[in-house]
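So here's one chain in two forms, each on its own in structure tokens, numbered structure 1 and structure 2.
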Structure 1
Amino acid sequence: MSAFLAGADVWRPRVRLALGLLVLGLSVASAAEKPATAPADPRRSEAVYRRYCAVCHGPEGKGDGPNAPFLEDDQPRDLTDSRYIGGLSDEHLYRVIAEGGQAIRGSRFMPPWRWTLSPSQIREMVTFIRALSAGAPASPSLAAEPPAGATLAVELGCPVCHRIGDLELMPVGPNLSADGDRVQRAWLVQFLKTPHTIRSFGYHPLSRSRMPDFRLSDEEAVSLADYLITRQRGIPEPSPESPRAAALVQRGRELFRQYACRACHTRDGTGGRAGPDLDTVAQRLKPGWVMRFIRDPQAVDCVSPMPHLGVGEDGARAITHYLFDAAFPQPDSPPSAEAARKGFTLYRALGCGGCHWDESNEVTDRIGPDLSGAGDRLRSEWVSGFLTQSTAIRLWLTARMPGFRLTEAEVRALADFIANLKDPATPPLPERLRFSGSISEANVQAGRRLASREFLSCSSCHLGEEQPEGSPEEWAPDLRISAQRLKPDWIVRWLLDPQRLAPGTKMPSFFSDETSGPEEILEGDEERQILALRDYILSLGGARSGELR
């Protein structure tokens, strides 16, 4: 693959584990316990740092994480400040991480991590912070970010559906194995119809993962929601305690302030953006799940960046009453068994199990085309348009290309990345077979005859000037958009040897040897016949010669 792919294993497994959430400034205070500092594994330490710390302290520790602007005057500490960090003992750093800022009269927004991280992990973080303050990253991937398009492709979950060189398939969304315990059915149906951002900085913090829009019909959204609602572990739902409801709401409000939850969550329009907006909790989540999550986030979601704050059952109940204002939703009605069965089929067809891995192991094979050589095949301007608004290319695929609500910059980054996905082992075409920039009308006529049912019968599978045979699910790609989508020289390579470019393809090899081409056309010259087919295919979309360079 390209030079980028050759160096992919330097960054890929670590950078887009790119987690990160919730750690704020270190503050000066007296030392407490005196743990010994242990040698840290830089890669392991970086993964912990990115998961829990980087969203506030920044990817490189400079105190400029994306959540920092929402923390008022209590800004995260710059961990690269060697003068400040050098004046602190290891014991002090350990205590601040373990017990939080309020334990040493420091930042009220720095949470305690002793229930989330083990003592050895905290000691490794002390070593990691020392490395940051020494002026050099503790891990190579902090010094060199990968190409923007490659990072974005992994964060969006593109390898879930497509093979892209050696990019790894990684879960980029939450575990859905118990979604019936977590979300309310009415909200889920609407979310599946019109997905929107819940976590400003991605499910894995500092990533740009997002729920794609599959353009589901009303029936599909209901079926998929009904299937997901069947996935439960049986978390019991608490009842609003009517006589004490007002007191519990007030107690929950006080605990919300005490635990500095607004450092990461928006409530009543103010607060951080590291976690979900809590103004929508009453419409989105179920109280039983919220109560359990507050008590022990990692027991519910093992990769959650939310710190375990040591909240007890009574405290969790009070905070839950506050978040729901004691107005708990009515229990969902049982899902339709028939709809749930349809939803399960749709879940698999859309490849949902790739982004949302769970113990049910419902990950399927990649369901989209191989993009490893897409830079040889696809025109960049077409790729940009397709990423902005996708259309069906391969009607037989049960999957569909979703919309990711990409910005212009993201479209450019992905299009540039795809343009560089080329196979260096592909030999160059001989000069006589390369596209000169114009198509020949004589070639178009000869190509039309070659493609006719009398000879190669291309319209048996492809949309062109005739309707293909059979059902649309069995049709091959639409040839009428080839001029806008494909590079002319790739069409020639494809006609020469489709199996080399796509092993196992249904496309037959019409020119496997020197005697394969019909003798009645262009004197049986296979190379001339291939060029004639190329020009005919390019002409189908009404493209003019000047548009094909």
Structure 2
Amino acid sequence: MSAFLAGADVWRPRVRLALGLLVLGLSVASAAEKPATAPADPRRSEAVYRRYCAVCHGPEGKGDGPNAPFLEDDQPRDLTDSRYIGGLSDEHLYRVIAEGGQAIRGSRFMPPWRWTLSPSQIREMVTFIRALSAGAPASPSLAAEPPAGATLAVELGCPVCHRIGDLELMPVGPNLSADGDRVQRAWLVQFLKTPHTIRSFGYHPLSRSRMPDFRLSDEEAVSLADYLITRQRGIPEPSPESPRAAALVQRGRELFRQYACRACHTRDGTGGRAGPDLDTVAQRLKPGWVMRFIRDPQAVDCVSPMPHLGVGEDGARAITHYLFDAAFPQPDSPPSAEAARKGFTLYRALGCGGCHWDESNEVTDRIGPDLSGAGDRLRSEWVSGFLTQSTAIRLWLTARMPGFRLTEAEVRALADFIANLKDPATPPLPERLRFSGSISEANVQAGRRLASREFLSCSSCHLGEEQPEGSPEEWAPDLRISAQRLKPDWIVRWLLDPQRLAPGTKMPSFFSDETSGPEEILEGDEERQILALRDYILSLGGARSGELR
């Protein structure tokens, strides 16, 4: 299957690296315990750089990261400037990375990294920066972007639900395993109903990941929130220290400035975008969790890109008072076991765990259709429309295709990517069965008769000109949508042998041998009958002669 896309081998490893994902991220976290003599691995430094430095210094080190425009006069240094970097000693570089801009009387917006990175990691960063400044990037993968469509698909988490050739499945969202300690229930329900961007540059920095929209009903959003709220480890909630609260808020404001939190966070409308907007913390998060996170982000989430800034317990308490303006939320009442169970079932059925891995994660089945050969099957215009606004096709699934708030350019990149997903193992249809570009009225008539209750009775299962019996969750796809969605030649392949294309499908094989088609129509010629059904289906989508490619 690896040949499903020409050049797959060339870009696949890059997709992995570009994300600097969990595998590398975890080795980042555990590197602290490794002996200082572990050999420098440029790929590891690259992942460290990507996770912690690139938002400001840029993916190629030119000082043009997406957070840079929000830093006003304190612009990140161009690390590829060989003149400048060449003039600095290794000791100087080590010191500025470990202790931050303050150590060189420079900008506080350059954070200190000594509590986040081990001494050997900092030494590796010095080597990495030397390589950046020596011209060619230390590793080609930071500069050379792989084809947009495949990277975008991985970053957005499409392979989490769909098999797509050999694209790898990777978590793209935060760990939700302690949401009961972390978020407020009312916010959570609202977010699940209408998700928005929290981390401007992705949970994995510089990725385009985002939380998709599952078009949840109110009831579904409430069940999911109830389930997530039950997941907790029990962080104690601080209470506002009333007599001292005003003083603590004031102290917190000062510390917030001293630690230069604004380098990455917006507060009162100004500041960086590398981390979430902190104006909304009071509606969103729980104070106990915030305190803990500010003290040691990696203890909460080992791959968190927020630096450990060495804030002590009292400092974290003061900053938390400042962020909440000393008005801590009322604790949420615990949800009923029944509600949480419903939410858990839904969480699995919708495939939430595919993007949000956690300790309890068993690798879930891919819940969406296989897209490996989707370029042979789906019409590109339809795919674009569907990615912009998806609707249910397989009514029996609880799973659904979520909405990703894609830009037009992203839709184009993904639709092109999908159009090129061809299965080389599929033999071409013989010429006589291929679609010529127009449908014939005689075929449409014959197809309609064949499909009718008198003969093959397609409408006993499919929506189309008539309604099937039974409940909608059991209906097969609406053939009017299929007509706009599927490529004409794929419809023929499907009718020839549905079991081969989708083993175990409920769709019967009507044309398994040369005598299976009804004798009364088109002289009992199976091939002509299949073409008649194809034209009939296409006509249901509104096609007339000459309209189709």
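Only a predicted model underlies this, so the values are computations on that prediction, with no experimental measurement involved. Throughout, rigid core stands for the largest set of C-alpha atoms superposing within 1.5 Å between the two forms. Each residue is numbered by where it sits in the sequence of structure 1, with counting from 1.
The form predicted in complex with ligand HEC corresponds to structure 2, not structure 1. Core-aligned CA deviation for residue 462 between structures 1 and 2: 2 Å or greater. Taking the rigid core as fixed, one finds a CA shift for residue 310 smaller than 2 Å between structures 1 and 2. Taking 2 Å as the criterion, residue 384 does not count as shifted between structures 1 and 2: its C-alpha moves by less than this amount when the rigid core is aligned. Look at residue 519: with the core superposed, its C-alpha moves 6.2 Å between structures 1 and 2.
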